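The form predicted alone is given below as one chain in structure tokens.
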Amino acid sequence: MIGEFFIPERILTGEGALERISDSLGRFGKKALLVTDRTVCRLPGFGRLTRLLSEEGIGYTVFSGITGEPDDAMIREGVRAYREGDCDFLIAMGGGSPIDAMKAIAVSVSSGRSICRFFGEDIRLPRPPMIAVPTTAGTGSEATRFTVITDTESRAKLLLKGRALLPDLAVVDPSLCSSVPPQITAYTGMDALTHAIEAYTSRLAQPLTDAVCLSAVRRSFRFLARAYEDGSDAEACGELAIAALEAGIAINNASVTLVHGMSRPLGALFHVPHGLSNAMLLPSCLRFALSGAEARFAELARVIGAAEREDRQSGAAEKLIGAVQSLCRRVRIPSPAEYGIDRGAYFAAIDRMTDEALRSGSPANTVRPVTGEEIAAIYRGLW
């Protein structure tokens, strides 16, 4: 198989990386649309960004209308803010939702089309320059050519893809990830771990993605619980920020598999945050995929120290699933019932969730072939 490897044109990492963008801001444009949410607007990091823009003589308009995982209505408002503000490039600061929204706004500004109409296309059209500045360590959206947007009419989460969605500059500054509530740390950290495991066990895996996957899994198991239990642990937060970036690079090139295919409809229909829906599904989906990727599961178990080199392959692979389950318990990942989802509504939605999971295409990347009946069985067993 011939591999192709995409990353942003430029990536800045480390404490103070945000201030380093001053040397290149002028080439992006004269006025930025800042895509964010109201919480981020109140954080010191946002003040650092606006101060930096002012010092460099760059104008900006703030669009803080990302009130959750982005939908097409938010994107329309963002497009209007971009045009009314006479902006010529975009900067997203926040978690995966503002970054995903920025990508969709940029594409919609260029095309004049509703963002949902791009579902199923490889988006390659010219668009304004984009800078992604994550403040949570999870989605890795700063390094991917994907965005997930909810269609408000169908209530379906649509995975959109294409080179036009890859930011030009990614700025991963761990100092921006402080003061995150433990629950958010857990959900975003499990999102990054899911990305890394899925990319490593995907049909599209390649040597370059394998390297970043192994590193991201190792960092996640070492530092996620630490950051969850102590949000002021600067080392843990910084390591998770790098893990999220690595995992984002991995799925950008090896994609995701069964977990994400099943996670999107679960999240969309029952308003479950994306990282949490991934975490809910991860152990069950790994159990399903085990027979198709036993050697890879075993290697991951050895990398995190859950298995020894002398362990039999099957035993080591089982230990990976056990380690994932233990981590989920430690960071308090709830079941669908514990989260408060209505049992009747959940079971009534299984057929629809199964259809949407298959239509996303992600389950087809799973090394073990999966049918709709098997997906439905996993949903039922999850309860």
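Start at 1 and count along the sequence shown; that's the residue number. Note that the coordinates shown come from a computational prediction; the quantities given were computed from them, not determined experimentally.
Although not depicted, the form predicted together with ligand NAD is the subject of the following passage.
- Item | 4.5 angstroms heavy atom contact with ligand NAD in the predicted bound form for residue 274 | Residue 274: yes, in contact with ligand NAD in the predicted bound form.
- Can any non-hydrogen atom of residue 180 be found within 4.5 angstroms of ligand NAD in the predicted bound form? Close contact exists here: in the predicted bound form, residue 180 approaches ligand NAD to within 4.5 Å, heavy atoms only.
- Message: Contact with ligand NAD in the predicted bound form for residue 169, defined as at least one heavy atom pair within 4.5 Å: yes or no?
- Response: Answer no; every heavy atom of residue 169 is more than 4.5 Å from ligand NAD in the predicted bound form.
- Item | Interface membership of residue 176, ligand NAD in the predicted bound form, 4.5 Å heavy atom rule | Yes, residue 176 lies within 4.5 Å of ligand NAD in the predicted bound form.
- Would you confirm whether the three residues 219, 289 and 317 all fall within 4.5 Å of ligand NAD in the predicted bound form, going by non-hydrogen atoms? The answer is no: none of the three residues contacts the partner (heavy atom, 4.5 Å cut-off).
- Query: Of the options 146, 89, 223, 118, which one has a non-hydrogen atom that comes within 4.5 Å of ligand NAD in the predicted bound form?
  - Reply: Flagged contact: 146.
- Ok, 321, 53, 331, 43: which has a heavy atom sitting within 4.5 Å of ligand NAD in the predicted bound form? None of the other options qualify; the answer is 43.
- Among 119-127, 211-219, 92-100, 77-85, which stretch has residues whose heavy atoms lie within 4.5 Å of ligand NAD in the predicted bound form? Of the stretches listed, the one contacting the partner is 92-100.
- Query: Within 125-161, which residues have a heavy atom closer than or equal to 4.5 Å from ligand NAD in the predicted bound form?
  - Reply: In sequence order, 135, 136, 139, 141, 144, 146, 147, 148, 157 come within 4.5 Å of the partner.
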